[in-house]
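We begin with a single chain expressed as structure tokens, specifically the form predicted alone.
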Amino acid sequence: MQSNVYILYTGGTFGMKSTTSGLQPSTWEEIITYLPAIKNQTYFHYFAEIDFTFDTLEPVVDSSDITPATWERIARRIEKNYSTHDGFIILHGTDTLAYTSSALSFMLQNLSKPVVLTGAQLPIFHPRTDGIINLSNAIYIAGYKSFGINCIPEVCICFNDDVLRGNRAVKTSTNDFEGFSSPNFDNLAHLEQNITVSTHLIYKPNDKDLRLLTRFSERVVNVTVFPGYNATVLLELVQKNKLDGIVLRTFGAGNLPQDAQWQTLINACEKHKTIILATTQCPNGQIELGQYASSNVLKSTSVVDGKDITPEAALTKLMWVIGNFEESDRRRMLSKNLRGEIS
């Protein structure tokens, strides 16, 4: 069976080339010469046939330059090509790939097709690049029809031999080929000699049309508590109505120093309608407000329990919820498991 797969190149290490100024993104025309299996826009492999549409999000950038505006542009390209393609591959830099995959998971309402993000730790021009195998694996997931594989109708990350839910993944290494992991959620698929899809974990698509909600608030901060942290500056931002939301990365199971400044901050957040999404700094496990007395200060109407959400998903979800929903709905939306981002 034939599949139609859309590939969008945004930049990142995958297509980096050496220049006198260091590694910089190259063009898709330069990259495609290193990908003979798909160069002619048709991929034949045993019984499988896939037609590709290649596209570039100009200007291509290092992933450190990705912004919410870029997320919307990617989502709009998917929307434009949605009816004519079976799956989508986004070639993206690894540094912010987990942010983009999380953001897309919230933006793309009623998704019923695979959106696969991948990249590389070594450029495609490097003799030991991991880019070719990562792209090849992504083709299997996006072109599932041609390979007789179960559809994964989610935003996911395909890296090394792992397929991870996009809003459950974190970048865990700058140099290992297995650069991403999913601390609190199993793989959606394992890509070894035999491809195994964990069908019981996959979100079931509905029959509604794709819909985009693309606004992201920039009136948020991401705060990591540390011993001796002084919340004065944060308090001033809240009191001056500079913030709509705070991702608060607490100790352990949701703990904070037992200092009066935290109660003052919480009171100010309640007064100024600033919502706090409380998360843990620990990569594994989740917060449990009330388990320790030092977390009781967070039992407030301004605080949402982030459970086991990743840092990337927490920030993008907060930005997205504030950007698209009224104050009266924000706590409910943040508490809700929208795309499998929390247990």
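The structure presented is a predicted model; accordingly, all values stated were derived computationally and were not measured. Note that residue numbering follows the sequence shown and begins at 1.
This next part talks about the form predicted in complex with a small molecule, which is not shown.
- Look at 61 to 69, 29 to 37, 273 to 281, 292 to 300: in the model of the complex, residues with non-hydrogen atoms within 4.5 angstroms of the small molecule sit in 61 to 69.
- Using a 4.5 angstroms threshold between heavy atoms, Asp95 counts as touching the small molecule in the model of the complex.
- When the small molecule is considered in the model of the complex, Asn255 lies well away from it, no heavy atom lying within 4.5 Å.
- The shortest heavy atom separation between Val321 and the small molecule in the model of the complex exceeds 4.5 Å.
- Although the partner is absent here, Gln121 sits close enough that one of its heavy atoms falls within 4.5 Å of the small molecule in the model of the complex.
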